[in-house]
Ligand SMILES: Cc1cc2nc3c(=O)[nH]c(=O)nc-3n(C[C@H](O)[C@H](O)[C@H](O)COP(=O)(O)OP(=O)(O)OC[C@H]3O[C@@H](n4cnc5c(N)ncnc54)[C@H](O)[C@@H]3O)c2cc1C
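Just one chain follows, in the form predicted on its own, and it is written as structure tokens.
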Amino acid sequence: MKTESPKIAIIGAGVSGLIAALNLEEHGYSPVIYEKTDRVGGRIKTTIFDGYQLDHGFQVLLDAYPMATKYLDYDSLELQKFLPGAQVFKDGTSVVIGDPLREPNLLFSTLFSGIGNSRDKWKILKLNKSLKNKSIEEIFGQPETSTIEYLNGIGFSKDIINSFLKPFFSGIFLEPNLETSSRMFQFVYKMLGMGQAAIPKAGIETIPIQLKNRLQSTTFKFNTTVKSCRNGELLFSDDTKVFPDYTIIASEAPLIMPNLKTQQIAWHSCDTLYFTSPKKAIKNPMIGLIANDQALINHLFYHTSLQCLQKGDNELLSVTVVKKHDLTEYQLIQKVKEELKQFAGIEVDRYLKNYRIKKAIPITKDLRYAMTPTETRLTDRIFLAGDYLLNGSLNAAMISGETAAKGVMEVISMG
């Protein structure tokens, strides 16, 4: 420990802030994290409601993320893994489609699903092989286009795009038209091919909680809102001030930096509604896709198809809407119920809760995988972290937190 260790403030106790604190601690520093809410996690949260375990939005961990394997203890998280596929509800019927190379039991259902043609299946095999052999750096170094243009360029049929690829990746990118960068599509596709999607047994918030529990010398100041940040000064909502030597802003910098007010971050939003149901319409641990452009629902999932730490008496169903709408909560609930019955033959018992996530995934152009420590440096004393600097993913949040901490330590080491 240094005799006169610099005072380092971190604004935001999301994953970026926690990773930054871990890196600073490893080099002998004791940062202070200021968090406006009452807990860690940022956008990654879980609530126990009426005996059911509800994640704030349908969120999964891709266990092949390089940074997740570096920082997380998967065994302690008790990851519950999805099958690599989906049940597609289309034209009054449902079929299962998936990756038979990783799950042989899905071979026949995929071959005879009626979704896509033989050329589509051949193109998927070629895409799998191509991205398996392509490094992440190569993916993010390629020219950028939209995902839908990329898929059309490969030559996939409209059927497999509209019936599977579009609803599946719309649920990941939280936008219905696949305008998301082709770099992000390739990266996520590669991660899905290398590993599995999973949810911790106790819910998605277990991830930031695990990171917090690793911290030994970091001080947390919860329910503390930073109103503005200037070199050497943090002003809080109660008009008190602190004067750190260095600050890492691991939240939306434009909200607290006066000179960044014109650089507001744009976001994709979504609704995730939770219902109880007497039985599961999807038996396997996989998502359900509504393959109909007129539907408001994008995908659904029975959380009780996986092991949950907190489990109510009935099946727990989440329904995610990524399309923009102006419905009231009541109208949205009724519309979702109608569509569940119309498109999937599902009737629910009871509505539990809706999480309207206004800031779910940052809309980022010119996506990057990583950045240098110098690039996180806004001023001599202020550094930035957050997935919006790179791409909207847990992996990017971790990279940015680690890199910002390195940026601070580089400046400290120079004197």
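From 1 onward, residues are counted along the sequence shown. Everything numeric here is computed off the predicted structure, so don't read it as measured data.
Same protein, other form: the form predicted together with the named molecule, not shown, and the subject of what follows.
**Student:** Decide whether Ala360 counts as a contact residue for the named molecule in the model of the complex under a heavy atom distance cut-off of 4.5 Å.
**Tutor:** Yes - in the model of the complex, heavy atoms of Ala360 and the named molecule come within 4.5 Å of each other.
**Student:** Is Leu394 close to the named molecule in the model of the complex, meaning a heavy atom pair under 4.5 Å apart or at it?
**Tutor:** Leu394: yes, in contact with the named molecule in the model of the complex.
**Student:** Whether Ile248 contacts the named molecule in the model of the complex should be assessed with a 4.5 Å heavy atom distance threshold; does it?
**Tutor:** Contact with the named molecule, no.
**Student:** Closest heavy atom of Ala291 to the named molecule in the model of the complex, within 4.5 Å or not?
**Tutor:** Contact check for Ala291: no, nothing within 4.5 Å of the named molecule in the model of the complex.
**Student:** Of 342 to 350, 22 to 30, 60 to 68, 373 to 381, which is the one stretch near the named molecule in the model of the complex, taking non-hydrogen atoms within 4.5 angstroms as near?
**Tutor:** One stretch meets the cut-off, namely 60 to 68.
**Student:** For the three residues Tyr34, Ile44 and Thr225, which mark the spot I'm curious about, does each lie within 4.5 Å of the named molecule in the model of the complex through at least one heavy atom?
**Tutor:** Judged in the model of the complex, Tyr34, Ile44 and Thr225 all sit within 4.5 Å of the named molecule.
**Student:** Identify which of Ile256, Cys308, Leu151, Ile136 has a heavy atom within 4.5 Å of the named molecule in the model of the complex; exactly one of them does.
**Tutor:** Among Ile256, Cys308, Leu151, Ile136, a heavy atom within 4.5 Å of the named molecule in the model of the complex occurs only for Ile256.
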